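Consider the single chain below, provided in structure tokens and representing the form predicted alone.
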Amino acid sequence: MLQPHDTASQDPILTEPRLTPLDRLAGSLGQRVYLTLRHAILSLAYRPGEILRKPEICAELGVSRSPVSDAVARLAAEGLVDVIPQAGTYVARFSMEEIREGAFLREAIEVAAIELVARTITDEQLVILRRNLVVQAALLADNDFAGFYKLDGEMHELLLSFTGYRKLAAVSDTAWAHVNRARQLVLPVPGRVAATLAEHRAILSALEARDPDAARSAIRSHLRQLVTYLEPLERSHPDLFNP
């Protein structure tokens, strides 16, 4: 079980505001509070093991306690928050078991999806993917890792949307949440972002050839590369992981 830990380790990647202002988000008040807290956790603005102080969150967002409590309950159901009776609410530490399970589920979804997409992709959809990769390359050249990460996520969302199945992206996002959070520690690793772009180009090439076998191989190799980078994190960042 997560033990109380109230000190967020200092890390150069944590320089952005912790909570996105609600007026920049869409949806009901409760949905916006949930989204800003979830983003802060996934981006490591709130560190694994850090206490979540509801009064401070309410004050920063300018909301009452109710939508914050509802958002915390949703995050706890996703395994992103631990609520410890008589102790407090904490950002869940990483678990390699959950990371491996999430990666397994995401791979199963995306391999099946890209096989379908490779058979059905249109010229217009290929243009959209090419443009996404052009921007990725520009962001890499500028060492804008946060921007690259955003375009990376959008590319995967595009691939899932091209299947025509509307719920697929949401299911994949839930499965990927723990991996998504841990990968924030990996993106600044020298060479990894460039390698990621090369893997994305291999995926695009397979789709341009409309080759399901090559597409499956490319997406599987891409997703598994990430896990190889995540495995050592348990040793290099033991304070962020469950014992």
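In this text, rigid core is short for the largest set of C-alphas that superpose within 1.5 Å between two forms. One-based numbering along the sequence shown. Note that this is a predicted model, so its numbers are computed, not measured.
What follows is about the form predicted together with the DNA, which we do not show.
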### Query
Heavy atom within 4.5 Å of the DNA in the predicted bound form: which of K54, R192, R201, R38?
K54
### Query
Which of these residues, A112, A141, A76, A87, gets a heavy atom within 4.5 Å of the DNA in the predicted bound form?
A87
### Query
Would P67 sit within 4.5 Å of the DNA in the predicted bound form, counting heavy atoms only?
yes
### Query
Would V63 show up as a contact with the DNA in the predicted bound form if we use heavy atoms at 4.5 Å?
yes
### Query
Just to confirm, G30 within 4.5 Å of the DNA in the predicted bound form by heavy atoms?
yes
### Query
Hey, in the predicted bound form, does V83 get a heavy atom within 4.5 angstroms of the DNA?
yes
## Note on the structure
Partner contact check in the predicted bound form: of 206 to 214, 170 to 178, 46 to 54, 192 to 200, the stretch with a heavy atom within 4.5 Å of the DNA is 46 to 54
### Query
Just checking, between this form and the one not shown and with the core aligned, does R53 shift 2 Å or more at the CA?
yes
### Query
With the core lined up, does the C-alpha of V63 move 2 Å or more between this form and the one not shown?
yes
